[in-house]
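Next up is one chain by itself, shown in structure tokens, the form predicted alone.
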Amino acid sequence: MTNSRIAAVDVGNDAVKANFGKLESSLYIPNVIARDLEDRPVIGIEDLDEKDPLDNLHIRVHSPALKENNAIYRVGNLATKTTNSTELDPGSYKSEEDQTLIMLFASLAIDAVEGKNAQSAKNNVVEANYTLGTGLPLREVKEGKDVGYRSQLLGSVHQVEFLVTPKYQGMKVNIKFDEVKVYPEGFAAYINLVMDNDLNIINKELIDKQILIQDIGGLSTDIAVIRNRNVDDDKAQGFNLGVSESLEMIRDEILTKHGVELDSRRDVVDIITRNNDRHHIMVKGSRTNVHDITDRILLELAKKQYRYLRNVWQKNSQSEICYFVGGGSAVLKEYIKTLNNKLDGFNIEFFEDENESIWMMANAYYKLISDFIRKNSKPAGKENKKEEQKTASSK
């Protein structure tokens, strides 16, 4: 693991959030891809290197893990500008979608060409080794899909070739994984609540409490039940409902009613959560309120999410608090708070800093994979000593 770089990657349904190395770099890429049947034409190619690579990600991906191998994609912001862009569909399994892998490989490739690895590139090929911490929704882990997902990544070389991408055009990155750890998302959120980046306990009062964590994503919702510092697998529940479908409905209704086509779900999230001009769009140059559309659709979704909370809390009546995390929680925060005040008055908490909620998984994976590396890089002598002490204490 000596030359292996830490990568903590949350392939969220809305965007990929990733931390690298010793937290010296991070990436945020909207989770949107568009398949290209041929190399894209570039207008003003002489200015290409002055543009931001993240806004112009154009890649070919080769990997035995992909169903469609060797295909060309526009990724992130560039993909939102095309007519054939795709976002993950409600009902799909994150672990089984090519899109999840394409976003994962793209983020690692960008890190590789921007980092020290690039300096040792031979013939424009960068060799990049990673120790990866990532996660899947609880329902997928409960169904054992994490095992197949992990084995797809390990033991193969995954190549990303930058095509018409500023600064990196013509470069190839060979990605290899020395280790891959796939964590259930609910447990990751708990780790983030109780540990800082140096793995010190920060919320001692939470450690021995029974708490719930409701993680609302794009395509799914996980409610983790934490007791005795572990996820109670039997009590934890995963639901096949996130915010994506509602965001899509808002997008469609805005198009029907106002004739305005928003590029992606990310644009809808921005309209709902931004500080200024929230719930407003521009129509023919005029600032227009779309509160009637967003309120109706999001309140309906909030009611369903609240029902999940109520059902899980009834079955775990000794829970002391429920933390709402994930990008979907940032979108539904005000609606769920209002419902709770009117109805049960559960002890619930949201993160006031929406950024903290959105980055929670990537930060948690970073802590978990760092802890894994720390525990597995101790000198053999120390390990043996520890084992002897363990054996002695069990006698």
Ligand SMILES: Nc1ncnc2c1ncn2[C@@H]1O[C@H](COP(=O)(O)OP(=O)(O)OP(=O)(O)O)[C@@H](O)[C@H]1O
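This structure is a prediction, so every number in the text was calculated from the model and none was measured. All residue numbers are counted from 1 along the displayed sequence.
This protein has a second form, the form predicted together with the named molecule, left out of what is shown; the following refers to that one.
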- Are all three residues D14, S220 and G326 in contact with the named molecule in the predicted bound form, where contact means a non-hydrogen atom within 4.5 Å? yes
- Note on the structure: Here the chain appears without its partner; judged in the predicted bound form, the stretch of 59-67, 330-338, 366-374, 343-351 with heavy atoms within 4.5 Å of the named molecule is 330-338
- 4.5 Å heavy atom contact, V269 and the named molecule in the predicted bound form: yes
- Query: Can you check whether I358 is within 4.5 Å of the named molecule in the predicted bound form, heavy atom basis?
  - Reply: yes
- Query: Does any heavy atom of R251 come within 4.5 Å of a heavy atom of the named molecule in the predicted bound form?
  - Reply: no
- For H158, is any heavy atom within 4.5 Å of the named molecule in the predicted bound form, or not? no
- Note on the structure: Answer key: of L136, I110, I216, L132, within 4.5 Å of the named molecule in the predicted bound form (heavy atoms) is I216
- Note on the structure: Students should find that, of S244, S319, T294, Q305, the residue having a non-hydrogen atom no more than 4.5 angstroms from the named molecule in the predicted bound form is S244
